[in-house]
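Quick heads-up: it's one chain on its own, the form predicted alone, in structure tokens.
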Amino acid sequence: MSQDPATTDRAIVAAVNKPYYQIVREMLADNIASGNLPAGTLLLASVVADRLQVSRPPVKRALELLIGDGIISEGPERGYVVGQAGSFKKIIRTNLHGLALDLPAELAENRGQPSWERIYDETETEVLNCIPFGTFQISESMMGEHFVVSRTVVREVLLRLDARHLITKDRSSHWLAGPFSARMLDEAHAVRRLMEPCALEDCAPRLQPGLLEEMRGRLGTARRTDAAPSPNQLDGLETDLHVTLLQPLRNRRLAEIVRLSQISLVINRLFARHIGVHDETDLLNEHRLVLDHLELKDVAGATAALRRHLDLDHQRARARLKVLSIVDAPSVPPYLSRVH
């Protein structure tokens, strides 16, 4: 029997010791360079994920990094377009399933039927993206229809979200998500400022050659630009510092704790996309200081700079959460309905 995307994702990472989003990133870059994905081709994260039969988060991250590489650009309405803005005459909307793409052996394999693992990441992301805006009720039946999975699979996902304290049941046994409170943000930050610097200290000696130079290049581009970085560019920089740098972490339990504590990344991303990106000079300088210390192999200085950045960014996220709490929520999946 073929594997489901989540299981395959972990197997690939274990086999090649490379982040899965990096595999997708390189695969897309290679197919763009060869002409399999010509300039102007519209790329939607959901469609690319469906074409590869993998989960969406690594595809989304790969596409965001390709923007920083100058290989793709943001679409005029949604998604991404192959090539830099102005380098193509028109947008090509094509069925990716009809294109012959060169895929690594791992991506060329067929995948199995949906399971709770296959839909968990997307459901978790959707819940996190809505709870800063208020309280939402989750419909089990509509969730099953949305993902085309059984009620058993839906309940397994919801129980795991409940264990993470992202959702709960009311007195009528309805599943509720949110609201996300300042206290929840404070608690996540208290854990994060203890654990993430420890994770960076563990990873620093094993960073891939050239990685810091790549990150400093993307950061330098953002700092030299007069305009504020775009939401996608900002998201890529945050991913560099808080996700990519921690990929060599050997302690899987610590890695999961760090990931679950990075709630402020969600708040900042939502604020940038729905309110707008303002002057991010302070954040960019905080990033640079961490990378500068790592470049000098001053791990103690890097962890201290990271902790300072987390404290300052927590205050920014707290203020942004207040703004989001009074803003109408963006479009949400059909299985989520706003209560108040």
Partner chain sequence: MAGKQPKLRVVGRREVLPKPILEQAARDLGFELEFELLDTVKSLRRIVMQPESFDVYHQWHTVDLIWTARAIRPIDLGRIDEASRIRAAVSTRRDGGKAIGSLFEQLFLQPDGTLSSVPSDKLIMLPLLHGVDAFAYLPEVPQLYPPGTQASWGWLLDPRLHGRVAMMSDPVLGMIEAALAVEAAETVVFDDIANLSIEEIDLVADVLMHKKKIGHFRAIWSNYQEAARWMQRGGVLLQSMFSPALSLLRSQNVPVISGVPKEGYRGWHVDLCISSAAEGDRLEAAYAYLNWWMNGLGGAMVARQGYYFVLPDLVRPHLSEAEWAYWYEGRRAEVDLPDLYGEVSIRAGDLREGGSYYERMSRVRVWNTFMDEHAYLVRRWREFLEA
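Numbering follows the first chain given and starts at 1. In this text the structure is predicted, and so the values were computed from the model without any measurement.
The form predicted in complex with the partner chain is left out here; the points below concern that form.
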Q. Using 4.5 Å between non-hydrogen atoms, is residue 159 touching the partner chain in the predicted complex?
A. no
**Q.** Non-hydrogen atom contact residue 224 with the partner chain in the predicted complex at 4.5 angstroms
**A.** no
Q. Can any non-hydrogen atom of residue 190 be found within 4.5 angstroms of the partner chain in the predicted complex?
A. no
Q: Using a 4.5 Å heavy atom cut-off, state whether residue 101 contacts the partner chain in the predicted complex.
A: no
Q.
Looking at 261, 230, 125, 135 here, can you tell me which has any non-hydrogen atom within 4.5 angstroms of the partner chain in the predicted complex?
A. 135
Q: Consider the chain as shown here, without its partner, and state which of 275, 300, 33, 296 has a heavy atom within 4.5 Å of the partner chain in the predicted complex.
A: 275
Q. Candidate spot 26, 57 and 146, all three in 4.5 Å heavy atom range of the partner chain in the predicted complex?
A. no
Q: Counting only non-hydrogen atoms, choose the one of 63-71, 276-284, 49-57, 301-309 that falls within 4.5 Å of the partner chain in the predicted complex.
A: 276-284
Q) Within 292-318, which residues have a heavy atom closer than or equal to 4.5 Å from the partner chain in the predicted complex? A) 318
